[in-house]
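Encoded as structure tokens, the following chain is the form predicted alone, with no partner shown.
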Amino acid sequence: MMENNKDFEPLKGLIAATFTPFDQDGQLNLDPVPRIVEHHAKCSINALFINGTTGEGPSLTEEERIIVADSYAKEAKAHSIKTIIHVGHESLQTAGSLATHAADIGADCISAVPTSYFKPSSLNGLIDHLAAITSHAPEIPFYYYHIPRMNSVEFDMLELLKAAEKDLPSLVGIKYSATELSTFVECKKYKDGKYNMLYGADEMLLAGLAMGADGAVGSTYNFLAPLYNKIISEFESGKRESAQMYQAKSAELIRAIISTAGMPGLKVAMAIAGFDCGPHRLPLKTPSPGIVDELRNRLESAGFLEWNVPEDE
């Protein structure tokens, strides 16, 4: 872990992967951001993961990513919520510029996926790749973003931790969005828990907690945080069956979203929860009104709306 940042505090709890709001013409519309972040604060969200998969980061221009990062970071600071800004890009020069910008605006951390067209061909190649990004912002803590189902980059994460200590001094942990939990727990236990491990599969949060996850990054934490906070509290209290019950409810709701509308259904669910972030940008396709109505009916009948409300309201 980086030795030159003694003040680094490992992230814990729920980290919401933010949506990027668009208007009906597909242009940025950041008007909803203050209200969204206020809701996150009320729901005990500890950090925001900005411009990632949920935020359609790969579909944004460099300028748009800067604007979105500025907007969310400003509101997060106002509510004492930490920020991780995803800076990965097919151009390493652009990724480096985004990392510099994140540092300039006072983001707490950065994260990056590797390139997915010209993929790194070896673990050493991946480390060189990430070093080229982090060298632009060496003082800011860095999380590697492991999401092989999206980019087909599938190196062993334990081997990454072992090999990265010399060449990636700012690496503090991994955003681990894969299902191989045996490797996850090995990473967690490596060098007595030296690295901050964040789990990235909402429907398997309980399994991630059992394997030692420090925190969790997810799309559905935007609109179901009270449900996931119950999973965490019940797990920490040793109430296994109760935690399983709440996790089963999460799985049911996610199944309804994905089976009805695919990944774009997440933004629909956000709108149903009262935070309309507009349409998707191609190549993601915005669901038709009929699909939206079907999903609304499925979610409401499954008790979705009761899990959108902060516990003290």
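Source: prediction; values computed, not measured. In case it trips you up, residue 1 is the first one in the sequence shown, and so on.
Keep in mind that the form predicted in complex with a further copy of the same chain is not shown, yet the notes after this line are about it.
- The contact residue chosen from 81, 185, 164, 103 relative to a further copy of the same chain in the model of the complex is 185, the criterion being a non-hydrogen atom within 4.5 angstroms.
- Note on contacts: among 260, 53, 29, 46, the single residue with a heavy atom within 4.5 Å of a further copy of the same chain in the model of the complex is 53.
- Put simply, residue 203 is close to a further copy of the same chain in the model of the complex: some heavy atom of it is within 4.5 Å.
- Contact check for residue 93: a non-hydrogen atom falls within 4.5 Å of a further copy of the same chain in the model of the complex.
- In the model of the complex, a further copy of the same chain stays beyond 4.5 Å of every heavy atom belonging to residue 35.
- Within 4.5 Å of any heavy atom of a further copy of the same chain in the model of the complex lies no heavy atom of residue 70.
- Partner contacts here mean any heavy atom within 4.5 Å of a further copy of the same chain in the model of the complex, and among 164 to 172, 70 to 78, 110 to 118, 216 to 224 they occur only in 110 to 118.
- For the stretch 30 to 48, the set of residues having any non-hydrogen atom within 4.5 angstroms of a further copy of the same chain in the model of the complex is empty.
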